[in-house]
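Here we start with a single chain on its own, the form predicted alone, put down as C-alpha cells.
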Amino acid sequence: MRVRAYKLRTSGPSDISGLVDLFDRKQIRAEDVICIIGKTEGNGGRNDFTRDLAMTVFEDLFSRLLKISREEVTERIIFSLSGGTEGVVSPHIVVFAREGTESFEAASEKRLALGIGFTREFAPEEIGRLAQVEETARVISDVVRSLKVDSPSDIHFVQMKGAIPSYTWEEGEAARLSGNPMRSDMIYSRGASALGAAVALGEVAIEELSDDSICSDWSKYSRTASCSAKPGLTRTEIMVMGNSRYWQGDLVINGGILKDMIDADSVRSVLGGLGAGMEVAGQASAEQTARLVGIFGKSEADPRGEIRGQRHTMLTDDDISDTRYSRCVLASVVASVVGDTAIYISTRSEHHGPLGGGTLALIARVDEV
C-alpha cells in the first residue's frame, strides 16, 4: 500500500483544473482518492460560502467520474476545507490517493500511511462530553491499528471534522433548565475531538477526564490533532496519518506542538524531523521547500491575552476576528521558515497543544521505497 499526495494551487474556490489534470495525466485515479484538504479564500466564518462552492464542484466531479451520487461521494471521500486565507496564505488543496494492496513484509524505512474512519452518529447532548471523547478515541484507535505502525509515536497528524448535530430551541431550553445545557457547538466539539486523539494515542488517560474538564483543564492536550467542526454534521470524520514500515512510496510525515503562535524554533524542529537534508537554521532552501507536499497547522489567539508576557489585542479588537488574526500570524511565521505560503492553517485550538499554542504537521517527498 502507498499514498500519493499532490499540492495544487487554486485560482478560486471552484478551481479544480489541477485535479482534473492529475486525472488526465493518470498521475492518480479518481477511484483511489481518499481525502482532500484545502484552504479557500473567505472569512472562515459561518457566512463563508467559499467552502460550499468548492464542495459543489468536488461532488459534481467525483459523482461524474465514479458514476455515483453526490451523497455517495462524501461517504467515500473526506473533504476538509478551511475558509480564510488571510495574509500570505495561498489558496490550495492537497489531494491524497491510496493505492495498492496491504503489505505483510516490513521495509527498512517508514513511509506515509493514511487511514480514515467515521464515528457513530452523536446525539446533541453528547457533544463536548466524555461520550464524544470515548467514541472518537475508539475510531482513531481502530484506524491506527490498521496502519501497522511500530508505536503511537509514529502517528503525527489526526485531521477531524467534528460533529455538531442540530437540535431545536425547545430541546436546548429543556437541557438548560435541567442543569445540563447543550454543548453542541464548535468550541466543545473541537475540544472533545482533540482529547479523543490524545486518549487514543496514550497522551491522556480517559480516567483523568470528566465532562467538566473538557474545554477547562488545559493541561490535557493532543500533540497530533487538527480539528474543525461543522454545524449539522452528525458524526465526526477522521483522517489519521503516520509513518509505517508496511507502507511504500516517497512520502514521510512529521509533527509536533507549537508553544505559541510565534514559535519558529518548533517549526524548524518539525521540519528537521522529516529526515536528512531537511534541517534548517534559518529559512528552508528552494530545494527543501520543493520537497514539501503538505503543511498543516493549528493556531489560537492566546485566551490569556498575552504572548510571552506581552499583551496582545486579538481578542479585544471588534474590527477583526481573532481567528483571522491568528491564521495570518501563524501562517507568516511558518512561511518564514518553510519558504512556502500554501499553508493549511485552522483555528481555534482547544486542547491542541498547550494553551495558546497549537499543532503542526509537515509532509515531504523523500527517496522511493
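All values reported here derive from a predicted model rather than from experimental measurement. Note that residue numbering follows the sequence shown and begins at 1.
This protein has a second form, the form predicted together with another copy of the chain, left out of what is shown; the following refers to that one.
Undergrad: Look at the stretches 80-88, 113-121, 223-231, 249-257 and give the one with heavy atoms within 4.5 Å of another copy of the chain in the predicted complex.
TA: Selected stretch: 80-88.
Undergrad: Kindly indicate whether 76, 243 and 277 are, all three, within 4.5 angstroms of another copy of the chain in the predicted complex, using heavy atoms.
TA: Answer is no for this spot.
Undergrad: Wondering, does residue 59 line up within 4.5 Å of another copy of the chain in the predicted complex on heavy atoms?
TA: Flag for residue 59 set to no.
Undergrad: Tell me, yes or no, whether residue 32 is in contact with another copy of the chain in the predicted complex, where a contact means a heavy atom of each within 4.5 Å.
TA: Contact check for residue 32: no, nothing within 4.5 Å of another copy of the chain in the predicted complex.
Undergrad: Indicate whether another copy of the chain has at least one heavy atom within 4.5 Å of a heavy atom of residue 311 in the predicted complex.
TA: Residue 311: contacts another copy of the chain in the predicted complex.
Undergrad: Using a 4.5 Å heavy atom cut-off, state whether residue 303 contacts another copy of the chain in the predicted complex.
TA: Residue 303 lies outside the contact set for another copy of the chain.
Undergrad: Could you run down 1-26 and flag each residue that has a heavy atom within 4.5 Å of another copy of the chain in the predicted complex?
TA: The stretch touches the partner through 9, 10, 11, 12, 13.
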